[in-house]
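Single chain ahead, written as structure tokens, the form predicted on its own.
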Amino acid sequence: MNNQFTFEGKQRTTLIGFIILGAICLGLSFLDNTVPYHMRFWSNFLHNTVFFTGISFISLFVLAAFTTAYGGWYVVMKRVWEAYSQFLIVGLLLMLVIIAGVWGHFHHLYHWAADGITDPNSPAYDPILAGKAGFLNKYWYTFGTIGFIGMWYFVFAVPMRRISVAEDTEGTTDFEHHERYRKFSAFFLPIAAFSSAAMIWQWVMSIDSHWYSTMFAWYSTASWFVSALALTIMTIIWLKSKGYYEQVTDEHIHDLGKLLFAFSVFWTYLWFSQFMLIWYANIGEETIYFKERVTNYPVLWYGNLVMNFVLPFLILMRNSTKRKYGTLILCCLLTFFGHWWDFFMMIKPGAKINADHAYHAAHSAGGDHGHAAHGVQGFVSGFTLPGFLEIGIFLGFLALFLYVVLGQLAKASLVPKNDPYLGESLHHHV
């Protein structure tokens, strides 16, 4: 069986072409200043960076969770998730650009980062944000981002990958490598649970800085996980079409499909918990987030629910569809794009409000009310809906992610031959 993946030149060229396309679209979005302060560029950059970094993080988290739980069925394909986790270093480098923007005031993604926002003597003073300044500040954002992503990658992702690969050649019957891998996994889980929540609050929830939700970390993490599952299924089916992963059977694909179905429903439960229960309670500081999106972004709002719940629910409800590659790939494509759409909806409306607010605050003293589009609701390309530039940027980031992943897959056997749970995985049956 062919267990050594070869990253072919044609594949590299194709991915590099899409990366260049993404870079060009990102550059063109910088030139679009319909929403002030180049917000289309910055919001696109943050959106895709958080989305793909999150997929990388959740892949490492799932590996740690399954290992700690003595799971065995997934082992034959665990190298895919290990490869996904190695994108964390790229995510860190990309987030450094956002951090530089916070310190240099190059963007206005976060209202809490504005000058004078916590100074009672400043006309820009905001008492609500002053109360949150202990957490929402550039120091926490910077050191939290660098510290936590750096820890995820250097302290856990790299050593776990190294141990796993070393087990192929050095593994013995005393299972020393697996025990070390398990210890790293057990330490990672509680650290990851806290740190990922803290950073998703900083990166995304604080864009709407007056708003908060106790469910937001669960909601966004579930969105990451469903995205990772959809991409995993498509990656494995593609590898099988190339003659790899003969050991991965319909039984494994079926279980991945069940997870995709189950966590699409779980995501919807969290969607319901965040929206309907808060709305019913009529808590003003929490409902404003939903009011903005339902009223001014209805296609985003309802499209999110259709793509991420209605379609996967109807398609994956039947057992047989979890074994039909064509149907499964269609569902994965819809779901993967749907959760990218979900993060688009989380980020774009608040980013537009922040840019418009900063623009009007800067020009109100001189009586300049700014460009007509600034602060006016209506269709704004790249905000009301993803435009062609957004799709190009998405494809560019996806190509970058896959370039890193395929490069990692080529460095080791696709099947961890000395993993003690490999036999259980090879004989998996549902």
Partner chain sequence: MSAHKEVLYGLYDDEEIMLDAIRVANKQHLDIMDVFTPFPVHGLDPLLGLEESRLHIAGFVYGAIGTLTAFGVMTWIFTRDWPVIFGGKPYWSVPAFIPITFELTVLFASIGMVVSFYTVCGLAPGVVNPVLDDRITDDKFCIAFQTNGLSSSEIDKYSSFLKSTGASEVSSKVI
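Positions refer to the first chain, counted from 1. Note that the structure is predicted; figures quoted are calculated from it, not measured.
The protein also exists as the form predicted together with the partner chain; that form is not presented, and the subsequent description refers to it.
Heavy atoms within 4.5 Å of the partner chain in the predicted bound form map, among the stretches 179 to 187, 349 to 357, 312 to 320, 336 to 344, onto 312 to 320 alone. N282 is the sole member of T173, S241, T214, N282 with a non-hydrogen atom within 4.5 Å of the partner chain in the predicted bound form. The contact with the partner chain in the predicted bound form, taken as any heavy atom within 4.5 Å, belongs to M276 out of V306, V299, M276, L93. In the predicted bound form, none of the heavy atoms of F135 sits within 4.5 Å of a heavy atom of the partner chain. At a distance threshold of 4.5 angstroms between non-hydrogen atoms, V430 is in contact with the partner chain in the predicted bound form. Using a 4.5 Å cutoff between non-hydrogen atoms, F106 does not count as a contact of the partner chain in the predicted bound form. Taking the partner from elsewhere, F272 is found to have a heavy atom lying within 4.5 Å of the partner chain in the predicted bound form.
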